[in-house]
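Only one chain comes next, encoded as structure tokens, the form predicted on its own.
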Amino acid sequence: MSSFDPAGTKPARGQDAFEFYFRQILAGKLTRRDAMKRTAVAGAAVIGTMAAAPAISSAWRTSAQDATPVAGGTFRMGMQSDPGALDTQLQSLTAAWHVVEHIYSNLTTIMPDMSVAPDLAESWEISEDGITYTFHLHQGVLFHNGREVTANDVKVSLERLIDPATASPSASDLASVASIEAADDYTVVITLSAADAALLSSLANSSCLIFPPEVIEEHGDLSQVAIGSGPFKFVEYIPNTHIKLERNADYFVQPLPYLDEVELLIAANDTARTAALVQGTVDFIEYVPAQDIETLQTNEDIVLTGNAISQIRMIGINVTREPFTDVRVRQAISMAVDRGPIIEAALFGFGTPTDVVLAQGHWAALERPEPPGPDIEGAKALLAEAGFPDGFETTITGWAEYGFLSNTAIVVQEQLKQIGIEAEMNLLDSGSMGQVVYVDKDFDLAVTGTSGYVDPGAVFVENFRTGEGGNFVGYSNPEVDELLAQGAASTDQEERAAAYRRVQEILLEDLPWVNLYIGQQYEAMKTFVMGYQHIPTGSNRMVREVWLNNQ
């Protein structure tokens, strides 16, 4: 039996690894490609590009890690998008995740170095066959309503996620779970139907938050109410305006948090969000607009952190709809794409073109050269062969509140015109996008993305396994299903990598997604903001360690 005990874990490695490999690049001892590979091995699962690594280094130098934190103050965060609702078992939107991660606790959590660490689970044991996980909870942890967190709360919370009646788009996070039992008040036993190497990281997902069941009984769901055991208590949510949180004085990880209050101010417009930071209306912004990165780097009052991010942006093709059931049509769309102009328009060049899901340097990446350029004549020939010599009309559904994605959609729309595909644009707010694309699956083409994964199995299972709620394009391939089962069941990393590489090869043939680019993601903050650390999943959970050096 293997076990995890935080007292016996290795020191955090993320910051030192990034800093070290960045210095190696500057010294000419490593290429960026080699640095990406070594940093991934050191713990950062996905690195898009090291081009702006000085911003990460600058953030560390000014984070005052050795200073004594000062408690108090209100931290004002400029957020990219309105969450729409707060029940992350009913929706899988990043905007909601970036709210609830401050309110709830999970069994496990993801650290800045991308390692899995304890949260509500103080420790755990895994049986030799990888089927049984026994979690030992911290005792004395209180929900925000004053009641102690017990093993039964964990059982009910996780069972709600996988209950078919919930119809959660994130149910695949726990697809391998056969049963969940509360052995006693502080012991949870999770039994799997098959070994799942991604389970511990999946339990850190926002879908696996732990809540008091009585809140569901009273309110029906968690869409407009939030009671967890995390560092901050929910106070107020005014849609398209703000979310207010206050310090949880009883948080079980003392002395955290340091802040008295957190205000998450919705600032979807990129220009407005940057202006709010520069003018001091907010102390922090997420999703720094690409066009403002270089300007903010030169502002002495502002620090940037970020770059590394586990994400992929793509054209999702609804393979259940005509004419997209024909792989030749999907191939033609892929051949029409020119990623260079897309990255310039969406990210001002701060991105890496790709036609596969995992970034080069990831341990399970399919090693490839850069994607080929467009082949307009070849694409037209394929459309003609498929019965559309003059092209056809369709729709592109995309995000109105994420400027880089709406800009991506606009460029894709123009590129498809070159092969006779006339696409009407349908840009939606986050709540509508989640419903239309990810729940109703009522679209033709969707310019969208996914991010925040730690284990590659999670992103592949959720999006490509037959029948999964997150498989919004309706893709199904028995060989892929079998390979995903192999990848989840194995404990040998190279065996897993081989399975996921083959999956990516098949996806390049079947093209349910036309992958476009891996972006860089930054957070920017005033220099008096201390203790914040970027996490390559895109999470802002390290706000719990933030303190303000301006009081």
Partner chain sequence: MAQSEATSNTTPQNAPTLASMSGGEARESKRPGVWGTIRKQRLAMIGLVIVLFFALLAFIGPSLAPHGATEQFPQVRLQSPSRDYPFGTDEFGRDIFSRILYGARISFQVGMIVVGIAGTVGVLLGIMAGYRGGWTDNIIVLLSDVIFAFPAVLLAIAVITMLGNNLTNAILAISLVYIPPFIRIVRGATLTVRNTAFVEAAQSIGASAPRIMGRHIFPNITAPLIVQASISFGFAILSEAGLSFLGLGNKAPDPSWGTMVSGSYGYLQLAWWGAVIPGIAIALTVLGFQLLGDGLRDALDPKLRR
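Numbering follows the first chain given and starts at 1. Remember, predicted model here, so these are calculated numbers, not experimental data.
Below, we turn to the form predicted in complex with the partner chain, even though it does not appear here.
This chain is displayed alone, yet in the predicted complex one of T295, T241, N152, S193 has a heavy atom within 4.5 Å of the partner chain; that residue is T295. Only one of I410, V319, V189, V215 lies close to the partner chain in the predicted complex, with a heavy atom inside 4.5 Å, and it is I410. Although the partner is absent from this view, E424 contacts the partner chain in the predicted complex, with a non-hydrogen atom inside 4.5 angstroms. Although the partner is absent here, T466 is not a contact residue: none of its heavy atoms lies within 4.5 angstroms of the partner chain in the predicted complex. Among residues of the shown chain, A345 is one whose heavy atoms approach the partner chain to within 4.5 Å in the predicted complex. Within 4.5 Å of some heavy atom of the partner chain in the predicted complex lies at least one heavy atom of Q291. The stretch among 111-119, 269-277, 449-457, 434-442 whose residues place heavy atoms within 4.5 Å of the partner chain in the predicted complex is 269-277. For the three marked residues, P478, R502 and E505, no heavy atom of any sits within 4.5 Å of the partner chain in the predicted complex.
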